[in-house]
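What follows is one chain in structure tokens, specifically the form predicted on its own.
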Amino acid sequence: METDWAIESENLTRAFGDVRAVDDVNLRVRWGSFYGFLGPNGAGKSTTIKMLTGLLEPTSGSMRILGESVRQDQEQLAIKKRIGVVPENLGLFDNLTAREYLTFVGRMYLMPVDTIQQRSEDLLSVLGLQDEHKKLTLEYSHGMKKKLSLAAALLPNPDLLFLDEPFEGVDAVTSRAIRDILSDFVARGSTVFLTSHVLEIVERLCTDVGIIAHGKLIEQGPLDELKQDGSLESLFLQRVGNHEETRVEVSWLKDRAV
């Protein structure tokens, strides 16, 4: 059953003991949108993604992913076939080459071997990994691992892509390649759910944003409507805490040592 939302949650909550890492979150992510999920460190972003992708069971609340209710293992399995994930910890297999890893991922999705091979070559080429066929992922740089993880997420041609800090620790060339691929992915009508601390990238790429702080969703909607006459940075600082109000000066850094 298709709704207006690619992702929808009702009072989604995850508690660790007495601490509510995610607290009654009601997400609304439009089909075909590029949704930026923002928040300070420890706000609950990664925990939210883990619940939405079935890696972590909610303490309470409900979710609908791609129009389907997520309640049982069989429902989760059907939905997972339609999503791709680049997790916070990339989870690559160190002793496989890029092609071997993509073949493994493709077989897990029950993809035909010839389709896996063709898509693998296309993805490795566009991400600049086509000449690294002899290297094990153990030998990859951080940026190369990010690109391989993105290739694996895109391999099954998903309808929905979850990206947890995909630009963290990558160089400018890698960042540009990833941005171009994601822009094309959304342009065809697919949906991206992205967490990032790089507000400039979010402002450039995203159509919608949600801001979470202390486990609570405190802002959500189309980016153009939310920031209005200001910037995303000013909106973010206004909603999560003004730097000027909390600024503490370090006097010895202001004066040159004699």
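Computed from a prediction, not measured in an experiment: that's the story for all the values here. Counting begins at 1, following the sequence as shown.
Not pictured, yet referred to below: the form predicted together with a small molecule.
The partner is absent here, but in the model of the complex a heavy atom of E88, alone among D122, E88, D180, E100, sits within 4.5 Å of the small molecule. Contact with the small molecule in the model of the complex, judged by any heavy atom within 4.5 Å, is made by just one of R204, K216, H197, R30: H197.
Proximity to the small molecule in the model of the complex holds for none of F104, T137 and G143, with the criterion being a heavy atom within 4.5 Å. Only one of 186 to 194, 62 to 70, 43 to 51, 217 to 225 lies within 4.5 Å of the small molecule in the model of the complex by heavy atoms, and it is 43 to 51. Interface membership of A21, defined by any non-hydrogen atom within 4.5 Å of the small molecule in the model of the complex, is confirmed.
At a distance threshold of 4.5 angstroms between non-hydrogen atoms, E132 is out of contact with the small molecule in the model of the complex. Within this chain, E165 lines the site of the small molecule in the model of the complex, having a heavy atom no more than 4.5 Å away.
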